[in-house]
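Before any questions on how it binds or moves, here is one chain, the form predicted alone, in structure tokens.
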Amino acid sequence: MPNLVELSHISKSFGGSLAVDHVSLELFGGSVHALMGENGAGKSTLMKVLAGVYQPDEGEIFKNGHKVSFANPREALEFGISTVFQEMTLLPNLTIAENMYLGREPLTAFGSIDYRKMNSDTQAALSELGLSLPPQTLVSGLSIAERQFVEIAHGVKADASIFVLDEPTAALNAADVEVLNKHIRRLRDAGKAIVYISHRMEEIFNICDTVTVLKDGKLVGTRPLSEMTPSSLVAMMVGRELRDLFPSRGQGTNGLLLDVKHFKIGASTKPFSLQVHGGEIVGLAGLEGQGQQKFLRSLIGQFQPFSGTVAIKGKALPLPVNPAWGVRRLRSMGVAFVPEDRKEEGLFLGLPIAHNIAIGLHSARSELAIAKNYRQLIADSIKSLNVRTTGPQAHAGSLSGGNQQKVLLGRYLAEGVDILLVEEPTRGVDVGAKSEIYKLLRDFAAKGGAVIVLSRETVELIGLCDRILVVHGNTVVSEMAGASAAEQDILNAALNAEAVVEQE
């Protein structure tokens, strides 16, 4: 089949930094083409050139053999190129339907916006992806996963011949990923060309036919995936073999740090109990919305559970936690909460790395205390975390996803907390940075700390955690050792409502 799009010798610079350096890429109809590389490799920049967001400094774009150029994303869409960007572009103060039709609202015969048609068509598009969200729902009321699926529905709905999906599954669980893959296969079978950017290796080998790897803005090569293995692909990306993505598991546990008893998320849900000791990493697994996040956020006051008791290092945490001081109260007890959305809830993107690390140290001290200089501690943290940056004064927003995540973790590691509550530790992070983050968490546990991890990536939980608790219906339904757990075991427990057993 002839190529639909050819990018020929594309280059793009920002200031003195060359983000894409003479990269060529061909996209064929009826094919899913993986675009891979570490964060900062130039993947998103190259696709934004194709989508009309950026204009190339050098190079040309050909569609069906004809040279084209796009002044903006709307022109690219009109030429049949639909892009779902990694950075969510939905406007939170508008409804789902208003976002889907933004800038191209249908009109009635009287010239007013036809909301009935907007809502009806949006409902149909959402239903195609298995979503039952009302079109009139404000985007601000959606979870991250729901927002990502709306973004995907927006792109899939467009009648385009080329689809670019930039990290489409970063906020999706395994069941949602399979729904998305079903529609990607449908588009592929209809002769469309799909570019798939992801750091999840299993997805790449499950859905893609061909892979192109970029490194430091340059083209490393393009290969059929049938000729590749996960190990050889990782080596192609990072320039070295990652013999062991996950560090060795813990050698034992210390004292009890977190003790949860008879915890009920809702009035009609089964109670559960759990204990976490120093030296171990415990994972929370399960399908989206089954209560994992509600439990973690109960501890900081962002969700109000029905009942239960929580003790941290033997000291009771009164429930429900007041949301006005929940995070600060936990920090005073030696517990840090690392949210899933590091950009909205974790980091101050407009402030330097130094401020983002030191802010936790300052907030732990009295308002009237004399300010301390943490310059050396910050420098040591940046070095130990292996944050790739021009210096501590670089803004956090200028870093790649993996380096941002390391800075966020570094804030709490610098404080010397005892317990880490971590949501999605490697969301949107490349394979090299993932390995570094796993090591940071394991080193923290090895020094006597306790970690609770919530992740949608089952392989991540199996490789990283000492124990895995499967959550279904707002309660823990199964517990298994990470060393012997299998993906199928976790999925079976997550899907089997009959397995819910009340824990005394």
Partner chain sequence: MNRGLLRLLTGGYGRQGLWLAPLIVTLLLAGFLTVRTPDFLRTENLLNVVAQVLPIMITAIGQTFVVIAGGLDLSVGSLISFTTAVLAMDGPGYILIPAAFAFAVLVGLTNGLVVTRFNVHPIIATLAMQYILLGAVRLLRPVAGGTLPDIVLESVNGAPFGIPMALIWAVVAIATAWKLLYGTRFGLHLFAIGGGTASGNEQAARNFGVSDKRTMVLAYVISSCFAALAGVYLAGRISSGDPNVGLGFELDAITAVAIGGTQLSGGIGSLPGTVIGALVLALLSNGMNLTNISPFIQTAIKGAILMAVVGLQSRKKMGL
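Numbering follows the first chain given and starts at 1. Take the two forms, find the largest set of C-alpha atoms that superpose within 1.5 Å, and that set is the rigid core. What you see is a predicted model; the values in this text were computed from it and never measured.
Same protein, other form: the form predicted in complex with its partner chain, not shown, and the subject of what follows.
For the options E178, D418, E128, E105, the one in contact with its partner chain in the predicted bound form, meaning a heavy atom within 4.5 Å, is E105. This chain is displayed alone, yet in the predicted bound form one of I113, A124, A316, A267 has a heavy atom within 4.5 Å of its partner chain; that residue is I113. The partner is not drawn, yet in the predicted bound form one stretch among 381-389, 307-315, 139-147, 220-228 has residues with heavy atoms inside 4.5 Å of its partner chain: 139-147. In the predicted bound form, T253 stays away from its partner chain, with no heavy atom inside 4.5 Å. In the predicted bound form, S400 stays away from its partner chain, with no heavy atom inside 4.5 Å. Using a 4.5 angstroms threshold between heavy atoms, H154 counts as touching its partner chain in the predicted bound form. Shown alone here, G80 lies farther than 4.5 Å from its partner chain in the predicted bound form, counting heavy atoms only. Once the rigid core is overlaid between the shown form and the other one, G410 does not reach a Cα shift of 2 Å, moving by less than that. Annotation for G141: C-alpha shift of 2 angstroms or more between the shown form and the other one, rigid core superposed. Fitting the two forms on the rigid core leaves the C-alpha of A51 displaced by at least 2 angstroms between the shown form and the other one.
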